[in-house]
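As a starting point, one isolated chain is supplied in structure tokens, in the form predicted alone.
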Amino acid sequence: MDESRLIKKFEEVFHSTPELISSAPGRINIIGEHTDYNLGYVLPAAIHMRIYFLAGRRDDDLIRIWADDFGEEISFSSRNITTSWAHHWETYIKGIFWVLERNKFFPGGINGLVCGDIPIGSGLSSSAALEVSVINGLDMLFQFGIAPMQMAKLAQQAENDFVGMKCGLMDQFISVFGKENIAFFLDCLSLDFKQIPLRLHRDDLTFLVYDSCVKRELSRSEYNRRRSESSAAERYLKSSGIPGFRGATQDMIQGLREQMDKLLYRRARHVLSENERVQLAIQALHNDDFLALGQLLFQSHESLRDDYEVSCPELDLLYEFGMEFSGCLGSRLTGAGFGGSGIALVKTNKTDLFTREILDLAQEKGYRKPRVFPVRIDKGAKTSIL
């Protein structure tokens, strides 16, 4: 992103100079899907695509925000913050100001500009990147002294309680903490985390993102229903003498298969098996065993498709094509599903061929034209004083 262009645009819109520029990355989740809000294990990595936030203080309590990607402006008072879906992005920004004031941080009025290169609705967590970019910039601008984990939790709180999207912490966490060529193992119960090296260059591998271009509004979709179903499944396990997802094994729930509601059984089986796959993926990465990692990606997609039922034909195409393509080690949907994106672990010298052939296949099936592009594993939130 050309930061000098963003500064010039800020000056054109507000007739003033920004004081800082903050940015935060989107992410891919290598494995561990729909386990974060079930207090399980996840393995995300930040990517090079980012959301940028430029800001300067005002002398009043007015907040003016220009969204350069949409050519839209909003303004509201920091003393009167209400939810609005007139501009979808507006609610995420308002949520940050709302949650800061709720937690006794009081930003004044600002002029702000947001812009990014993360495809909206692609499942690469543009919403968390927007939240983290704004809160990180406000923290620097007003010298709040917010610690990194607190920053991630505040951004999550804004999305849970203001936007109404009951997400776990993973997306905000990795947008804050990400590091170049590092995946993060996060225990979503204890919030303990470990850095896991991604030495993809050793096997000449690249992660490709497959953006299906099937859009979904998660807070208005099946997402919250899946969260409710998995909670109900865990309550049933506990009522049967099993200590919830964290204390259960596949053998334990197998014994309940005949008496447990079939849908809740499948939801529970996905959560338990996905937690196991995360731990196996960490072992594979420690050993640079990318063949084993790839098989876990395929297995994850199968579970998300069959047991958690969050896939769609366009994402199943990625899985099916990846299984057949000789240079692909593994592929699966990433993010919440219901559309959005998938990832494929592909030999670098085969990425162009993979892209051409899957685009042709999508066209043959009459699907929307997907976007396929490589991603680099990059650093988390950062701020520069101008």
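Treat the numbers as computed from the prediction; the structure is a model and nothing was measured. One rule holds for the numbers: they count along the sequence shown, beginning at 1.
Heads up, the form predicted in complex with a small molecule isn't pictured, but that's what we're talking about next.
### Query
Does H34 reach the small molecule in the predicted complex if we count a contact as any heavy atom within 4.5 Å?
Yes, H34 is a contact residue.
### Query
Does A336 make contact with the small molecule in the predicted complex, using a 4.5 Å heavy atom cut-off?
So A336 counts as contacting the small molecule.
### Query
Are any of the heavy atoms in F184 no more than 4.5 Å from a heavy atom of the small molecule in the predicted complex?
Flag for F184 set to no.
### Message
Check G168 for me: does it contact the small molecule in the predicted complex (non-hydrogen atoms, 4.5 angstroms)?
### Response
Yes.
#### Entry: Stretch in contact in the predicted complex with the small molecule, which is absent here, among 313-321, 343-351, 35-43, 49-57 (heavy atoms within 4.5 Å)
Stretch 35-43 is the one.
### Residue (of Y92, F177, Y265, Y223) lying close to the small molecule in the predicted complex, criterion heavy atoms within 4.5 Å
Partner contact (heavy atom, 4.5 Å) among the options: Y223.
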